[in-house]
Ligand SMILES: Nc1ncnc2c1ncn2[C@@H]1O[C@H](COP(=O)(O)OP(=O)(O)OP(=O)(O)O)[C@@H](O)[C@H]1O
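Heads up, the chain below is alone and in the form predicted alone; it's given as structure tokens.
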């Protein structure tokens, strides 16, 4: 089994009266691409911010592991790269200057950061844009810059918050391809998305988060097998009882009922 790098145990995170996460437990191991799947407001971003040490749990524990030794998760920040949903670039700087500034803060020599940046920029078809000011960049170009910035210091773990949200088809494909390549090369990626098809395509393992709780955790094919569903969307409905209102209420009710019957039958329960 791959080494555990990050772990949350019975974590609850509250903001006043609002409970964003409740009793969440999960492990994230080296060499995995893990999808955090859930709707808007499910708790995905809150969990990512806990994993990078930006938030502290209200209760429960969040910790990292360095060479097998447990440490406060805050001490993992040097080995974690983060791509937030808001890229936060300095508009007057070029893409490379934004990346260089970040890598210098992490103590990385410019030549090392440039070598890494150039390699990944070529995979994103972005190398010709590295010396352009980011003012006026498209959403896709800003996202690529943020991704290169997160990779510039050679992190062991990459945290991505909706990395393809709002991107055109070509840019989204490039980002997914890079993430999959990082996973194939032994990298560890935690990938937040509400796009089930994307998660199934990119991720080795999926953690379904719904209303601040973990409803399922496993490989996509295992989740479909457990619920006896033909696709990940139906498995998601079975685990959460949630469904987008793309059909009539009667059609949605029927889909939910069918998914629940599959799950209950698989677990030996009753649908009454």
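It should be emphasised that the depicted structure is a prediction, and the values quoted were computed from it without experimental measurement. Positions refer to the first chain, counted from 1.
The form predicted in complex with the named molecule is left out here; the points below concern that form.
**Q** Using a 4.5 Å heavy atom cut-off, which residue among 194, 135, 75, 139 comes into contact with the named molecule in the model of the complex?
**A** Contact residue from the list: 194.
**Q** Sort through 125, 110, 118, 85 and report the residue having a heavy atom within 4.5 Å of the named molecule in the model of the complex.
**A** None of the others qualify; the residue that does is 85.
**Q** At 4.5 Å between heavy atoms, only one of the stretches 58-66, 22-30, 40-48, 224-232 reaches the named molecule in the model of the complex; which one is it?
**A** Of the options given, it is 40-48.
**Q** Test of understanding: in the model of the complex, would residue 162 fall inside 4.5 Å of the named molecule by heavy atoms?
**A** Yes.
**Q** Quick one: name the residues from 14-34 with any non-hydrogen atom within 4.5 angstroms of the named molecule in the model of the complex.
**A** The stretch 14-34, when checked against the named molecule in the model of the complex, contributes 15, 18, 20 at the 4.5 Å heavy-atom cut-off.
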